[in-house]
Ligand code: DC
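Just one chain is shown here, as structure tokens, and it is the form predicted alone.
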């Protein structure tokens, strides 16, 4: 069984997907972390974020490994744990451009399908239900208002000790929404058959319970 959770930046996809996977006792694949890891490598090595073919080659040379564990998913590149580094502001600001390249998406989608072709998985991203696994048994489009998503991102960064401006974060959320929805390769859309879940003002436990319930109905 595949549970595909798509949605815009800051909707809480990764948090919800991890919790759903735990509730169901199945694997979790964080596709956003894969694109973030590639973006981090590009920034560190000087590969232009606008050069799709070079980025795709970089992805082949630096394969990303995701390790599920009690403390969450660890992101590993060539033995280097980059779990924290991929969440830094410079990566967040560049990841939408990196992920928009058709060459990059082709490389990443192939890897995602390879991982999920066996076993049961919860997977979150922008195009899981629409492109990566259109045959997923459960499809969810997780969203929230722009203000809500900006507040969540602001709280997350402040908790990590970063000094950030809420208005700037809101502007970045809107920029990423436009970039993700208007890109030529696998744009952000509500997949056919997906259930839209608006999390504005709703606690994570209620959202997780709803999605886990949908999955249990499928397997009942």
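Bear in mind the structure is a predicted one, so any value in this text is a computation, not a measurement. Residue numbers count along the first chain shown, from 1.
The same protein also exists as the form predicted in complex with this ligand; that form is not shown, yet it is the one meant from here on.
**Student:** Please determine, with the chain shown alone, which of 50-58, 155-163, 191-199, 172-180 has non-hydrogen atoms within 4.5 Å of this ligand in the predicted complex.
**Tutor:** Result of the contact check: 172-180.
**Student:** With a cut-off of 4.5 Å between heavy atoms, is residue 95 one of the residues that contacts this ligand in the predicted complex?
**Tutor:** Heavy-atom contact with this ligand at 4.5 Å: present for residue 95.
**Student:** With the partner left out of view, is residue 87 within 4.5 angstroms of this ligand in the predicted complex by any non-hydrogen atom?
**Tutor:** Because a heavy atom of residue 87 falls inside 4.5 Å of this ligand in the predicted complex, the answer is yes.
**Student:** Using 4.5 Å between non-hydrogen atoms, is residue 99 touching this ligand in the predicted complex?
**Tutor:** Yes.
**Student:** Residue 122 near this ligand in the predicted complex, any heavy atom under 4.5 Å?
**Tutor:** Looking in the predicted complex, residue contacts with this ligand do not include residue 122, since no heavy atom lies within 4.5 Å.
**Student:** Heavy atoms within 4.5 Å of this ligand in the predicted complex is the criterion; list the residues of 36-68 that meet it.
**Tutor:** Residue within 4.5 Å: 36, and no other.
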